[in-house]
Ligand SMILES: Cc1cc2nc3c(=O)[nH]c(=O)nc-3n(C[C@H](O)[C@H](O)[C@H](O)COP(=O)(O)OP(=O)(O)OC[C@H]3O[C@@H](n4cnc5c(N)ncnc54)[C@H](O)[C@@H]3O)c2cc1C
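Next up: a single chain in structure tokens, the form predicted alone.
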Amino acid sequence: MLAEAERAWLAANADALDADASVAGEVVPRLAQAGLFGLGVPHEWGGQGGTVWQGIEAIADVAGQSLAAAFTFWGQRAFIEYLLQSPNAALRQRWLPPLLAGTQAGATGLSNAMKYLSGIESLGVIATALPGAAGWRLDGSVPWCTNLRPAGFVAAVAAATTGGGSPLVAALAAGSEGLVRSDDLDLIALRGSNTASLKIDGVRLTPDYVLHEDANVFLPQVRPAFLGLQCGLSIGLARAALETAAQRSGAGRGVLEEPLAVQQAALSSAVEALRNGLEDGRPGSRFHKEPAALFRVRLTLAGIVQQSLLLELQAGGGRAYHRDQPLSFARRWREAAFIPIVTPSVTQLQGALAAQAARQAAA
């Protein structure tokens, strides 16, 4: 999917994207120029057609070169998916063209909302209806949000409404009064992903910026695509590690051939399960009806990433520990440390599955 020029640029800048924000501003325009944001987007909305699966494979392709770039890609593509599934056609018409063209950054600020959906935590943003006016006042924060490009962004957030109404999902644009982007978070890796927090202090939300009036309907609807696209990060990272390990497994390391084959088979099986369960990633798919099945695939992929990186280390031997050697393994090791904690984290998914099992046992 990646053209050779984009693949070469990502490979050349992967360490920089991991270490700092010096070239972060180039990622979205380059991915847009390659046409990657339009994969799985209907032709009538300016995309290349197909299903969300093409988007997942594209994210995996990018993740094999740079997880920071792929993480940015995920944020952009997830926000595009929210627009595609939103009943707000005017908002979709306004924002899709610049998002697909890469002139606008889209951020998925719904990590907290996905934890809310699983009963893990409360929503961090509150919407208060404005008296005598159409709209709401928003207050709260989003602790983690990726692809908050300093030059401009639009971010999705979910907000609990006062008075007992349904929570809503909104799009907030940079420059809105009361919306403050923090400095980039001080991460150990992925520092070129424009990841920061948002402080929301009295932001006025008008109905034309509402993605959906009921988060309890919208979040389960978009969760298969949200998690499916996120799985592209694990798939790409595992593929890269296994390919590198296979290339280096000679010279007395033939003992690694069997565990490499086991992980490659496990990865192929997990990818097939993801594709079959996701279908087109939109309402009606198996994962929409059975989210626990999607959680299990996500957990399986996270485990495969860890085993794949360990095999890459063992295949590389002492060379992987030398700073005077290519540092791709060290970068991937740091990238792999992110996979278990990206929301919903491995621990959160395990907790959700355990809670479901307990409910079924009690029924």
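Start at 1 with the first residue shown and count on from there. Not measured: the values here are computed from a predicted model.
There is another form of the same protein, the form predicted together with this ligand; it is not shown, and what comes next is about it.
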| query | finding |
| --- | --- |
| Position in contact with this ligand when the complex is considered in the predicted complex, options 45, 338, 333, 53, heavy atoms within 4.5 Å | 338 |
| Listed residue (288, 115, 92, 181) with a non-hydrogen atom within 4.5 angstroms of this ligand in the predicted complex | 115 |
| One stretch from 84 to 92, 161 to 169, 116 to 124, 239 to 247 that, in the predicted complex, holds residues within 4.5 Å of this ligand by heavy atom | 116 to 124 |
| Contact flag, residue 342 vs this ligand in the predicted complex, heavy atom cut 4.5 Å | yes |
| Residue contact check: residue 111 to this ligand in the predicted complex, 4.5 Å heavy atom | yes |
| Exercise: residue 13 in contact with this ligand in the predicted complex, heavy atom 4.5 Å | no |
| Contact of residue 347 with this ligand in the predicted complex (heavy atom, 4.5 Å) | yes |
| Contact set, 194 to 211 vs this ligand in the predicted complex - heavy atom within 4.5 angstroms | 195 |
